[in-house]
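Only one chain is included here, represented as structure tokens and corresponding to the form predicted alone.
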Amino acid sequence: MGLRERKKQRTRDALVDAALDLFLTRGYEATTVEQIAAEVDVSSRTFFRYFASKEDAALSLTAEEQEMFLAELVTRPESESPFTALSQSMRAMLGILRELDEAETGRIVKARRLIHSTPSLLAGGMRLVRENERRLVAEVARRMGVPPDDLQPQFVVSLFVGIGLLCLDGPTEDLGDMARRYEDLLTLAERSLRPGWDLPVRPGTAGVVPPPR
């Protein structure tokens, strides 16, 4: 990034850090945008250049993770099955998260702690998940050569999103532990499903069970 972009990123990070600290110490509902801006010594107008609302600031890291995941999925080889592409994209994203520095990791841990302890943010986070799920369905449908309203891409993505949510509901905040939990869940899913279950199904054959290999 150039100097201007680095400066903007530093300001954005400072606003997120201030917001998370205030939300966790004073409470999300009790904290105002003006208080967040004052902590960084900027105006409320500057805050709104970066975020549409205090909820937007609180959920910004979640939104960034979802954008990162979708970007990884788009770059996966077309030869991979949809579930494999989704799994490898998640592994790549977790690898990136594990390489973050201490400040960045701490920011993510604080954000997740805040979201899970604040009902309105938990609802907002689920809204982001559902919005991203629709985009994932569109990409998986494209890879499968079927329309987005086809049941196959919807089922594949719903299963994968369920694994991700189960991973996030674990007792640990450590990113390494979360990655291992994800691998355990993924292994369980792969063992439970027939090979080739996520390959495109020819019209009229959805109820036909293929012979054992």
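Keep in mind that this is a model prediction, so the values were computed, not measured. Numbering starts at 1 and follows the sequence shown.
Just so you know, the form predicted together with the DNA exists too; it's not on screen, but the next bit is about it.
K.L.:
When the DNA is placed as it is in the model of the complex, are 83, 127 and 134 each within 4.5 Å of it, taking any non-hydrogen atom of the residue?
P.N.:
Result no, not one residue of the spot touches the DNA.
K.L.:
At 4.5 Å between heavy atoms, only one of the stretches 160-168, 59-67, 27-35, 181-189 reaches the DNA in the model of the complex; which one is it?
P.N.:
Flagged stretch: 27-35.
K.L.:
Check residue 146 for me: does it contact the DNA in the model of the complex (non-hydrogen atoms, 4.5 angstroms)?
P.N.:
Contact check for residue 146: no, nothing within 4.5 Å of the DNA in the model of the complex.
K.L.:
Verify the contact flag for residue 175: yes if a non-hydrogen atom of it lies within 4.5 Å of a non-hydrogen atom of the DNA in the model of the complex, no if not.
P.N.:
Contact check for residue 175: no, nothing within 4.5 Å of the DNA in the model of the complex.
K.L.:
Is there a non-hydrogen atom of residue 48 within 4.5 angstroms of a non-hydrogen atom of the DNA in the model of the complex?
P.N.:
Taking the distances in the model of the complex, the answer for residue 48 is yes, it comes within 4.5 Å of the DNA.
K.L.:
Using a 4.5 Å cut-off on heavy atoms, what residues in 41-58 are near the DNA in the model of the complex?
P.N.:
Stretch hits, in order: 41, 42, 43, 45, 46, 48, 49, 50, 52, 53, 54.
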